[in-house]
Structure formats: C-alpha cells, structure tokens
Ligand code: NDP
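Below you'll find only one chain, the form predicted alone, shown as structure tokens.
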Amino acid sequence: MKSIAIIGITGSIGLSTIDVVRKHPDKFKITLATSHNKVDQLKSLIKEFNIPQAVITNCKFNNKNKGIMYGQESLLQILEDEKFDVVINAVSGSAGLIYSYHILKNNHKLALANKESLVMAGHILTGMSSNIIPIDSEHSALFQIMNGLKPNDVKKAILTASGGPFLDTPLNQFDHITPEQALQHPTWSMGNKITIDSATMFNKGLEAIEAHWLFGFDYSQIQAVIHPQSIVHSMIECQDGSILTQMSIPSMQLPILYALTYPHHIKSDLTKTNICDLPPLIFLPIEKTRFPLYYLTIEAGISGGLIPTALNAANEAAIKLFFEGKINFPQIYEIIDNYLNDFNNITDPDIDTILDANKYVFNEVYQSL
C-alpha cells in the first residue's frame, strides 16, 4: 500500500484524487493532507480516511482544531521529517512552487498538477530530480506515449486544447464577457483560475513551457491545437510520420491513477471510454487574434529566465482585477503584454529571486489600477 501526501486536497485535483483512493482503498493510504483555508472540509476528510497528519497552510487561522497543524512552515517541516511514497502537489497557481521545491529537495516522488512550478522554475526543479510525474492530462498523455520512445524519435509534441467557452464567440463581443461566462468551461470542471486561463488559452501556453522542461522538447517541436471534444489528450508525431496518441473521455482520475501507479496501468473502472460512442474528433489551429495570450506565453517561454515568472504573476493579478470588475476580458492580455515590454530579465534566477519577483510583479500589476 502506497503512502500518499496530498497538498491541496480540497481543490479540484485533490478531490479527484480522493475519488481514486475511494475506488482503490487497498492500494493507497493518505498519510498527509493539506488545505489552505477549508477547515471543515479537511476535518471531514481526516475523519473519513483516518489521515494522521493534516495542515491548514493559511497562517491567519488559529490552531483550534485538534490534530490539525497550521502554517506553511509546519508543512515544510513535515516534508523534511517524514517519508511518503508519492506527494501530490495540487495547489493552484504560483503558490505551489515552494512546495514542489521542498518536495524534491527532500527526495520525495512528486506527482505534479501545479504547472506554474515548472513555468517559473523549470531550470531549477528538473535539475534537482527526475522524480517528477505529471498529472495534467496533456502531460500525462505525453508521459505515457514517450514511454519506449527515444528523443530522436520525436518530430513534434502536439498538445490539445478544448478551446474554452469562447471558441465561437464573435470577437466584437469579447469586451462584454463576464467572469461568470468565462467560468463556464465546456468539458472540464476545474478551479476558477485555471478555468479563466483556459478561456484565454494562457493555460495552453503554460503547458507548452511545462512540456519543454519535462521532456526536453525545443519550443519549435511543440504545437498546440484546438480539439473541442477533449478526447485526444496529446499526440507525438514521430520522425517517420507516425502519430501516437493517448485517448479517453475527459477525466482527471485517469492521469492521477497513472501517476500513483506508474509505471503500471492497474485494473480499474474509474474511467470507461466506449470508442463507438465517441463523437467525431475535430482539430483546429489556435487563432492569434482570438487567443493572443497563448502566443505571448510561448514567447515568454523562449525568452526564459525570470520572464515566465513575471508573465505568470501579471496574469494572476490581471485575473484578480477581472473578477473584481476593474478590467474587461481582453485587457487581461493587454495588461500582461504591456508589463512584459518594460521588464528587465534575469537569465538564471535562483529560487529566492523567483519567489520575490513573483510577489513584486503581482503587487505592481494589481496596484496599477
């Protein structure tokens, strides 16, 4: 039985992991669980799964609940003192980087759902360990397809994107898009930030940067296409013209299960895909006029250094401004683009420089309006 730590258990990925554990109680034991501020939900999960260690990472909470520790430092200390077979980082946004860093620093196997970790510090994390297993459906697909392939076999990695809720929305209506409309993702149920990132296609740019660090692909080898059905999760085009793919109905339980059981595909009925019931599969290019943030993100990845951190922090600030009604939907891109135009890059930042820059850029962008 594998010992699992779930950082961010009350988020969408954490709750999907819970579904996997419920289905396979003989294979996985949750021995550490964390949430940022959902105390009651965490307490319920502690009781259901008899979880011996739990942390609320928001330091604003007081320790009034028996069996729960509080503050980020408590979690970092546990990661240093204890040993887990797999640690899942399911934290959303840039807040997840510090945990990925300490998970690898303490020689744990990292099941990574926090793409910002590699976007901001891929040059550091991939140099620390090869013990990173991706949970994102696109990178899990690539991870499975690449098993048995050599780097020289690969001509191109192809990521798929649903296209989000505004694939067919007339461009002249983008100024009037509301946060509520942007949160209506057509195929996936996710947290608020990643759902907005999917609507702008920023998320797919982050995944291209992540693929660069996970698999060593040059950016010229990475392509993204729109695939509204979300059945094909990624593809590899080989040098001989063969295209290999991983397919299933949209389900985060499947990549989570594979991350927990790698290198095996165990028997499970969590996800069932009847090939005869699938709709026609469509693939479309990503229009730059509709999704300019995707292309800006690729440029940031190519620039490297501290630019991806600045990009991500500016995006997080812009999303907050969008939710607060201070900017409209197209201004998310405009704010990020304008900020990066005047940003002074650092080519090889250390972890402290990255964390400091992340806070600075977020505050500067957010307070600019």
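Numbers follow the displayed sequence, beginning with 1. The shown structure was predicted, so the numbers you read here are calculated from the model rather than taken from an experiment.
Not pictured, yet referred to below: the form predicted together with the named molecule.
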None of A113, A157, M201, L257 but one has a heavy atom within 4.5 Å of the named molecule in the model of the complex; the exception is A113
Checking A90, A121, A141, I103 against the named molecule in the model of the complex, the residue with a non-hydrogen atom inside 4.5 angstroms turns out to be A90
Counting only non-hydrogen atoms, the one stretch of 125-133, 90-98, 274-282, 232-240 within 4.5 angstroms of the named molecule in the model of the complex is 90-98
Exercise: N50 in contact with the named molecule in the model of the complex, heavy atom 4.5 Å: no
Please check if M252 has a heavy atom lying within 4.5 Å of any heavy atom of the named molecule in the model of the complex. yes
M190 versus the named molecule, in the model of the complex: is there a non-hydrogen atom within 4.5 Å? yes
*Considering only heavy atoms, tell me if G11 and the named molecule come within 4.5 Å of each other in the model of the complex.*
yes
